[in-house]
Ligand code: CMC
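The chain below stands alone and is given as structure tokens, in the form predicted alone.
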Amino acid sequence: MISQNQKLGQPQNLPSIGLRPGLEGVPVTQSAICDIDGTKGELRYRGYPIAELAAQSSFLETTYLLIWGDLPNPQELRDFEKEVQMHRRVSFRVRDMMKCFPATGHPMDALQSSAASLGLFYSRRAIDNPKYVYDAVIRLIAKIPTMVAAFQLIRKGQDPIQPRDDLAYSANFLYMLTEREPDPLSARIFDRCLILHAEHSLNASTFSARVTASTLTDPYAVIASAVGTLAGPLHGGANEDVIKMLEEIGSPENAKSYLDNAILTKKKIMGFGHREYRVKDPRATILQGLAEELFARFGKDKMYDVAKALEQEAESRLGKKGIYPNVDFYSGLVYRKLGIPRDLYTPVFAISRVAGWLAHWREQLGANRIFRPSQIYTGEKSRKWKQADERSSTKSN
């Protein structure tokens, strides 16, 4: 009789010596891109505090910093912004391909396929050529938002809107997505959201990007693999689930009973807890402030009061365990107020995280060694072959 775990290839008894499931706490590379202090609640990109970048920088300036290592001077930034602006449009062949996608398909699957398709048009695998590397960075940063917005309109039966050269990066995306020019405050807040999500060390999708990069394949395949990893429910998508949870709670008065029941039944409380942080995620603090800016200008979201009540209850019950709001807890409320559909929250995450993925791609190429971790074998040591008619049935009924 085969157990369910055996069917799934999961051994019943794992030896504890030398095994760290999920590689938790195991260093697998060196990096100068991102530094996290989970005890103090600090996050830095290339040494710059995230709060300072979110307040003073732009997403494209931060992208330049992450990928090339230093903040650009004014001319370098203008050149970078112009290059990205010139490459926002995607080939009609890519748009035609997207029109063949099922309208009911998830936008993350559409994005992964579209990102991978860019390799058909631009891949030469000339990763030892600095110009090829630069051009690939520009294309991916420029075209990923266009493809996300295009699929949103295509699945509604509409033709995609072409990018506007007079609009900055974030404003242009919101315009292509919503079919109207955004309010300057909305565009600025969305740009700050992109900064906050641009990089976060060696999480699952970034590790996926580095593993793929270590094979020396093209950057379009690297980004497609990272998008596929981000699409998993244990990685991206938590901010969607936070909104669903807040709607389920319904009102601030229900926060305590919801939390009590969740703790009693060991139900996961969406938007709380993080592998790295033992205090409130610094990005969550900034996003909460951004949400309040939007509400002051465009009207409050009643789910915000629910979120605050739940955070207050959770802090008194779970704070001693180091469980506090993470980046997903308030980001969904911000995106919702900006008019972004719920199932686009994770693709928007990907738009931002392309910057970090590309930074790790370049860093991986600088001192590459293909990833080939070892394993602990838990299967049978030696088995004797039997003819088919000599084998007893091993299938469960």
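In this text, all values refer to a predicted model and were calculated from it rather than measured experimentally. Residue positions are given as counts along the sequence shown, with the first one as 1.
From this point on, the text means the form predicted together with ligand CMC, which you will not see here.
Stretch 264-272 is the contacting one of 140-148, 126-134, 264-272, 187-195, since its residues have non-hydrogen atoms within 4.5 Å of ligand CMC in the model of the complex.
Interface membership of K156, defined by any non-hydrogen atom within 4.5 Å of ligand CMC in the model of the complex, is ruled out.
Among residues of the shown chain, C100 is not one whose heavy atoms approach ligand CMC to within 4.5 Å in the model of the complex. Ligand CMC in the model of the complex is approached by F349, whose closest heavy atom lies within 4.5 angstroms of it. The closest non-hydrogen atom of N326 lies within 4.5 Å of ligand CMC in the model of the complex. In summary, among the residues A116, L318, A168, I286, the only one with a non-hydrogen atom within 4.5 Å of ligand CMC in the model of the complex is L318. Shown without its partner, this chain lists K308, H235, K244, R164 as candidates; in the model of the complex, only H235 has a non-hydrogen atom within 4.5 angstroms of ligand CMC.
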